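As C-alpha cells, one chain now follows by itself in the form predicted on its own.
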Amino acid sequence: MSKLQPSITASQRPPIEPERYELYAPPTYQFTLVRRDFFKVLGGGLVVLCLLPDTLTQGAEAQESGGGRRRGGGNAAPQDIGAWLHIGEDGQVTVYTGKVEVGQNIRTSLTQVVAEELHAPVSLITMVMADTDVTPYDMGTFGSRTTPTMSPQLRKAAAAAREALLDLAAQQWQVERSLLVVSNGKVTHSGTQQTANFGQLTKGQQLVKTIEAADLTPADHWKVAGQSVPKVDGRSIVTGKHQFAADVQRPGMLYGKVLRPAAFNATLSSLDTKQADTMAGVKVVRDGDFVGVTAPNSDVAENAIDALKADWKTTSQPSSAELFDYLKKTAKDAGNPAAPSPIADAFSGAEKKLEATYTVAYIAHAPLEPRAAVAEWSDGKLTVWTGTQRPFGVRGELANAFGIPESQVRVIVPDTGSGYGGKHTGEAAVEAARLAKAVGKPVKLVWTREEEFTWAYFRPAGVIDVTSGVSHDGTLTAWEFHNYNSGGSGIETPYEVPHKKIEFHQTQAPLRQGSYRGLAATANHFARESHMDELAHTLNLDPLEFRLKNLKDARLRAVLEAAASRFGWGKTKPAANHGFGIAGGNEKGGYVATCAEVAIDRPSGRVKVVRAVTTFECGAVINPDHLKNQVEGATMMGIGGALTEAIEFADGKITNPHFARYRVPRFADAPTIEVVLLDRKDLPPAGAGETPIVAIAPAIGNAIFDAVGVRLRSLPMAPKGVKLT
C-alpha cells in the first residue's frame, strides 16, 4: 500500500491555542458560478445570492481572538459567490448556511429570523446547514457568533427575497407596487385582494436576486422572532428518527478502529499483526505510527485491535500533581527579570491590599455524542459525514492529509450531539478517510468514550495571580491580574479601577488543549469574582454593594440587581450550614449574574447547590424558551466544572478516562434553577451559548465561604467535599 501524505495524529498534534481559531482556517479558494449553475442544483424559482462580505469569514472574530489572519493570510475580502436562499416553484423556501446545529437550537432561531423578514410561516422554511458542497463558506460555529453574524445575513437575504417577490407581483399583475403586501407566505394586492403564494409568483422561472439594502423589521415589531417557537425537527430527535453521524449507512460500508499509542507522543517500535490477519474480513492498515483495522462490524473491529501486539517508545511527561508549578515554570516569560510594576505606587498607597492565587484544572468536554465519521472515496473525491463545529476547517484538514484539492473534499455535518468547543478538529474524519482509502470501501469510525476522554483536547488548565488594592470606603484603587495558560478571554475587569495591569502568559502545556464553552472567561471570571468577594468580606461590605460601588457599566448593574431581586438577596439569612453567593460578568456581547445557595453536609463536607438564579441579557431575544434552555444547560455544566470535574494524568496517560471516575453533574446534583431574561429590544441580539456559564462557579465558591468560612480558590472546588478541619 502506498503511503498517504504525511498527517499529524491526535497524539502528535500541537496544542490548540484556545482563542486562535484562524490557525485552522482553510486556504482561500475563489470561483465564478454562473446563474444557470445555481438552477442545475436548485431548480426553478428565485435565488438570493451575494458576494460574501468580509464579516462572514468572521475575520473580526479572529482579530478579537488574538489573530487577525483571514483566508489566504491576506486582508482582501473574499470573492466567493454564495447562494443563501431559494424559493422553489412549489413555494418552499430553502435557506443555506455553513453554521452547524450542535444542540443550541440555531436551526430554529435562524428559521425564525428568515420567517420574520420573509413574512412567511416557519413551516414553509427548510434550513440546509453545514455541507461544504452546498452552503456558503463559514469559519465555524463557535464564540457565540451565530446570532450576531449569521442572523443579520439571513435576515438580509430574506428581506431581499421579499422585495423581489413584490417586484415580481407588480410586474405580473401590472399594479402599483406600493399597494402590495407580503404576509403569511403570500403576496396580496390591498385594493383588489388578488393573492398569490410564492410558488405561484415564481412559476418555475429562473430568477436571481442579489442582496441589497432592505428595511429590516425592528425587534419591537417582531411577530415570529421573539417568540418561543418549538424546536424545528424536535419530534424526529425525541422519537429517535434523527440521524447523527454514527447513524449514517453507506452501501458496502465497513467498520474501523484505530490502535491508540501507549501514551501521548509515543512512537511505534514494532507491530505484530499475525493474529489479526487471520480474522475473517479484517484488514490491517499501517501508515507510519498510524495503525488501524477495518472489519464487517464494530465488534470484529474491536477484537482485531485487541489482537494486535505493539511496542511503543514513550517519554517522561508531567503529571497532574505537578501541573500548576509546571505552568508557572514554563511560561514563555518565566526567568526574565521582573520589571518594576507600573502600578507599584498605587499598591503602596492602598489602604488594604490583597494577594491570592487561583487555579483551574484541565477538564473534558464530555459531549453526549463522541466523535464519529463515515468516509467514502469515489472517483478521487472524498465525502465525509462527521460531527464537527467547523466543516470547512475539517475539509481543509482532509485535503492536507491526503494531498488533494479542497474541491475534491466534501464534508457533511448532520445535526450533532453537542460540541461545547470540543469539535473544532477532524480527527475521526481523517482516521475514517485513511481507512476508507486503504480498503477502497466506505468506512465508519466511532470513538469510544475512553477515546473521547483521552485523544480529544481539553479546556486549558490555568494559574491566575491577583493582587488588588482598595480604600477603606470600598473603592478599588489598584488591580493586577496575571493568567498563565488558560487564556485571555474575559480577562479585562468590568469594574472601575484607576490603576491596573492585566496580562495573559503563554506556557508550555502538558496536554493538548483548545476551545471550551466560555473559553478562558470561565477561569478569569472565577478568579476575579472570587477575589471581589474576598475584598468585600475583608472590608465587611455586602458583596453586592461592593460590586455596585465599583461599577459604571449599566448593563452589568442591571443583571446583578435583577438576579439579586429574584433571589431575595439581603432579605433573609441562610439557614445553618447554608450560604449565599453572587457573581457577575460580561462576555461575547452578553451580560450575566448568578446568585447561588449551597448546603454543606459537615460530616462529609459534601456540597449541594440548592438553588441558582441567573439573569442574562444578550440584547433582543429571538426565542425565549430556547434561550432559557441554554442558560439552564450552562448552569448545570458550570456546576460540574465548579465542584467535581478534573482530568487526571501521569506519564502521558489520562488516568480517569471514563464517567465512572470523571464525575459530571447528575440528576441528583441538579438544583432549583431560575432564569431571568432581560429582553433589550433596543440592542441587536448577541449569542447565548457561552456567557451564561461564567458566573456559576464563583457564585458557588462565594456561597461556600458564606456557609462555612472556607475560601476555595481551585477549580474543581470540592471533588471529595470541603475540608472543614
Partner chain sequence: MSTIKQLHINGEKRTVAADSERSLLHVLREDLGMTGSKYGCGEGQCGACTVLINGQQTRSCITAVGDVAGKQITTIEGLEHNGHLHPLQEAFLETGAMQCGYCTAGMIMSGVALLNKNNNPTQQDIVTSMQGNVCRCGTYTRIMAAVQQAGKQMQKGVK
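Note that the structure is a prediction, hence the values are computed from the model and not measured. Positions refer to the first chain, counted from 1.
Just so you know, the form predicted in complex with its partner chain exists too; it's not on screen, but the next bit is about it.
Lys231 is the sole member of Lys328, His505, Arg286, Lys231 with a non-hydrogen atom lying within 4.5 angstroms of its partner chain in the predicted complex. Asp625 is the sole member of Glu163, Asp625, Glu534, Glu496 with a non-hydrogen atom within 4.5 Å of its partner chain in the predicted complex. Note that among 678-686, 41-49, 665-673, 696-704, the stretch whose heavy atoms approach its partner chain to within 4.5 Å in the predicted complex is 665-673.
Its partner chain in the predicted complex is approached by Trp447, whose closest heavy atom lies within 4.5 angstroms of it. When its partner chain is considered in the predicted complex, Ala366 lines it closely, a heavy atom lying within 4.5 Å. Proximity of His242 to its partner chain in the predicted complex falls within the 4.5 Å heavy atom cutoff. In the predicted complex, Tyr591 stays away from its partner chain, with no heavy atom inside 4.5 Å. The single residue of 504-523 lying near its partner chain in the predicted complex is Tyr516, the criterion being any heavy atom within 4.5 Å.
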